[in-house]
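Single chain ahead, written as structure tokens, the form predicted on its own.
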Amino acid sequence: MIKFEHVTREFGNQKGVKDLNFEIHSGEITALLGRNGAGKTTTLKLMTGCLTPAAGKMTRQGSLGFVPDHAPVYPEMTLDAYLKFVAELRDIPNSEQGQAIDQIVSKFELEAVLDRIIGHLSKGYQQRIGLAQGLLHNPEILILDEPTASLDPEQQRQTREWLKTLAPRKAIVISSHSLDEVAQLASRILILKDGRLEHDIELRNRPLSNEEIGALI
């Protein structure tokens, strides 16, 4: 679904990422890990097309949903108006928009705030709205940067369980500082160091503990 072939992206004299080679497949939850400055954000932006490689090639097949670490919302809009706006942007047919919005609102328990101004809502609500917009069109590829950072423990649990149910039918990439989240969710981890891919580890047959993952970063 996503393929990096010798991808390098420079920022002036600094290289954000260097000679990255990997593939992301459907049916995986891949965790992208690394210390601050390792190149995670640059890699996510390359995956989404927000950045283009300076060298090498990145290809992507399938519809994309992206949720950055700050909820991508228009704070002056009501939630109902915002979701209708996103549905239009995602080319969801008019006849299907109502059902798609109802399903995503129910999934993230947003019924009580449909007529509220988004900017007046808590960070937790705004994070849930960000997740909702990224999944409204049922994308084949889902890229999430710190997907549960502003959620309470029960909302974190629910979101993780939902991602697990989606995983068999999608390619999911998460970037998270929560090693507990990674240990619970990921079937594979990619670890960056100084812009290079240091480790590519399959976890399906050998789960790692938080401590083991932390030692690799």
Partner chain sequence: MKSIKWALIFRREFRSYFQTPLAYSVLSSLSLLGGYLMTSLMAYFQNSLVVTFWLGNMGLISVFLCPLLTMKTFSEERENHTRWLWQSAGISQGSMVWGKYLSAAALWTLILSMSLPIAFIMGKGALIGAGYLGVALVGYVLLAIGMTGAVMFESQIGAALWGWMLGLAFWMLGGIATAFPAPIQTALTFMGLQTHLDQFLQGTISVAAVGMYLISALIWIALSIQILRFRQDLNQRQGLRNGLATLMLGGVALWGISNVNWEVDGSGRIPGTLSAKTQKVLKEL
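Remember, predicted model here, so these are calculated numbers, not experimental data. Residue numbers count along the first chain shown, from 1.
Just so you know, the form predicted in complex with its partner chain exists too; it's not on screen, but the next bit is about it.
- Name the stretch, out of 31 to 39, 153 to 161, 177 to 185, 50 to 58, where some heavy atom lies within 4.5 Å of its partner chain in the predicted complex. Comparing against its partner chain in the predicted complex, the contact stretch is 50 to 58.
- its partner chain contact at Glu198 in the predicted complex, heavy atom, 4.5 Å: Residue-level check for Glu198: no, no contact with its partner chain.
- Message: Taking its partner chain as it sits in the predicted complex, is His70 in contact with it (heavy atom to heavy atom, 4.5 Å or less)?
- Response: Yes.
- Task: Find out whether any non-hydrogen atom of Asp115 is located within 4.5 angstroms of its partner chain in the predicted complex, and reply yes or no.
- Result: Result no; Asp115 lies far from its partner chain in the predicted complex.
- Message: Just checking whether Glu10 would be counted as a contact of its partner chain in the predicted complex - the rule being heavy atoms within 4.5 angstroms.
- Response: Yes, Glu10 is a contact residue.
- Query: So which bits of 117 to 135 sit within 4.5 Å of its partner chain in the predicted complex, heavy atoms only?
  - Reply: The stretch 117 to 135, when checked against its partner chain in the predicted complex, contributes only Gln133 at the 4.5 Å heavy-atom cut-off.
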